[in-house]
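Two forms of a single protein chain come next, each set out by itself as structure tokens; they are called structure 1 and structure 2.
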Structure 1
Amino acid sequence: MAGSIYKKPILFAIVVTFTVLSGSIVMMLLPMMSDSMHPKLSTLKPYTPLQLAGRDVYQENGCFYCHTQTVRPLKAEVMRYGEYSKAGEFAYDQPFLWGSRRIGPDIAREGGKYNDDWHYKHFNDPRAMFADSNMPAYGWLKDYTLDPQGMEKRMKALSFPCTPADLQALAGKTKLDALVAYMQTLGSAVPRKAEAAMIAQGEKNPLAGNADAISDGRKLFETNCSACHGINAKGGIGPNLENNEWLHARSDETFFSIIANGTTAGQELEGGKKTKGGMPSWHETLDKKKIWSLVSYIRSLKGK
């Protein structure tokens, strides 16, 4: 009678063990043995000592409790964050840091989105960039310098290539420098999505000079742009837009494209000007009308 197992604790424990192991073997152990669980993109590079130090800082401060690092293959998500995450992007991640909650945004595609200055300013005082942000300030990380010897051990533990020059580069660097360097690696194994051309060649601003649009544009500027370009566009991390003769001489089309698609270092803009880059793209978050309103607002600042 099967009922007798309830009188034999050792037999009972053995049966429980096999029962528990069945699912574990099929769902965890067998996949682990297969190649499909260990993919690696050819473009993926191991972390440098500075980047790994930044990743360690990210771990020790529990950043993954508020930020995910995996973009799901869903329409709105790809629009908001960029290309969806690939299995082969994480081969050097021990542990993985996908997270489980988005109190802040996903940052799988954060690398290259903003420049280093933006990150320093943001870590130092998130509310200076986004007034309603609830992110803790991390400026205090700059008080902690990195330990090159400790990093050498960590690089060895993970079998990542590490030259003496890499380690020397850590001298004088702080935990904040490391964290910013790590931010810039995120998503770098996947090419940034080709930006969609959102307007026709030669298209003019339909809202040029429109008073409502200028007023809307000012509000949009205050919430989205003033953190970098300063109050009233007088400049900060980004250039002064108020008396920017070069900018105000540009066509509507170029103006629109800089806001919609951002800039990358060395990119050639209208009139042969090479940009330093660092302007993030906004077309994921601001629709066409909002961007034209911003153009109207910024144009209204000329000569003030």
Structure 2
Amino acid sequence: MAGSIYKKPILFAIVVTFTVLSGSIVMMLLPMMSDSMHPKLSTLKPYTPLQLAGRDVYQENGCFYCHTQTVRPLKAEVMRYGEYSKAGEFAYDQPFLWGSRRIGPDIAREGGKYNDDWHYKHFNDPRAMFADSNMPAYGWLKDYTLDPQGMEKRMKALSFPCTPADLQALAGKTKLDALVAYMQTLGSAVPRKAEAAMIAQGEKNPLAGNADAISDGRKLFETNCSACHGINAKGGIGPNLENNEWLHARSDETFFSIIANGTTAGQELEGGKKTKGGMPSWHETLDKKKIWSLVSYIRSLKGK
């Protein structure tokens, strides 16, 4: 009796179709509609009009062809880029921009790593920041202003909260402004793990006044630091390192800590000075000897 259904192809097709559809609804469709299948980080916020415009600029220029936005749960990637990606980070990404190739580095944790000035300079001339970069320049984006009315429609289409003040803030903003704002959102909702600091507490610079160390420090400075502090250390994105405020009111230990561990906004330095933040840490790239060589070179600028 049970085998007779195989002799009735139309009935058999209907039964199979019904069975597959029922299973698909129970196993796939219903779970997809539940909140538990759409996690969202508690710190995650919807895009502002400026940030969403930047995301559009990112897509229309094909940035995802070269950059990924997902850190895989592999030790090497976590060590290089930071905490691996979680589903709850992408609740407002429609569509997601994970990418699949890394011609350029992953940027899932780019937000807050550098300050806005750094990004403007980098987009204008990538080779000014990284001599071997093959990234095209995007400084021309500053010639294109945003359309507030168009962005209002985009915000409504995606059900993002948007106030008149948000739209007014777009006045005079360019596509380059938007792209920088978007870059600063990447990974910003993920709590950052405190980095293991490199400390030189109570340690004197063993290379102070050493001519070879100063020469090595100058080369290291030109390669790693000149993009932000200027080729002659006279300042740019970062402060002028020749002035009295830096050379006379800071100990070698403070210089070492700044170079090794970077700075964060509002961080108080020796003498009560607070930093603007935005300087990355270098202790994973440079060893102690190289950092002390940099300190020696900076000290050698005194009086010049």
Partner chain sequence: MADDSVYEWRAVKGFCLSGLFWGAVSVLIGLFISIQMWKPELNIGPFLTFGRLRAVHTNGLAFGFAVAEIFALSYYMVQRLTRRRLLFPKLAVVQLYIFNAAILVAALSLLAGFTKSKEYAELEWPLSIGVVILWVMFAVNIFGTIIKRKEEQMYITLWYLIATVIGVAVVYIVNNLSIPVSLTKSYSIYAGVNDANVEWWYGHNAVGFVFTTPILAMFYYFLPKSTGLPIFSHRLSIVAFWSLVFAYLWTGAHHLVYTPLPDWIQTVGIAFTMFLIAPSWGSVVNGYYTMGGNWDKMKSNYLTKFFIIGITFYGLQTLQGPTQGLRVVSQLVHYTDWVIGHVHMGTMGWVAMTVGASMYYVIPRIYDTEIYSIKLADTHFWLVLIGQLIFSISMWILGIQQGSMWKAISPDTGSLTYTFMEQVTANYPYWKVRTLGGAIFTVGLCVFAFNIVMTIVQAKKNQASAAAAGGR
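Basically, rigid core = biggest C-alpha set you can superpose within 1.5 Å across the two forms. Note that the structure is predicted; figures quoted are calculated from it, not measured. Along the sequence of structure 1, residues get numbers from 1 upward.
Colleague: Which number belongs to the form predicted together with its partner chain, 1 or 2?
Modeller: It is the first structure (the form predicted together with its partner chain) rather than the second.
Colleague: Taking the rigid core as the frame, does Asp212 move its C-alpha by 2 Å or more between structures 1 and 2?
Modeller: After core superposition, the C-alpha of Asp212 moves 2 Å or more between structures 1 and 2.
Colleague: Superposing on the rigid core, I want to see if Ala233 changes position between structures 1 and 2 - specifically a Cα shift of 2 Å or more.
Modeller: Yes; that C-alpha moves by at least 2 Å between structures 1 and 2.
Colleague: By the 2 angstroms cut-off, has the C-alpha of Tyr47 moved between structures 1 and 2 once the rigid core is superposed?
Modeller: Tyr47 C-alpha, core-superposed: shift of less than 2 Å.
Colleague: Keeping the rigid core superposed, can you check how far the CA atom of Leu286 moves between structures 1 and 2, in angstrom?
Modeller: Its C-alpha shift, to one decimal, is 3.5 Å.
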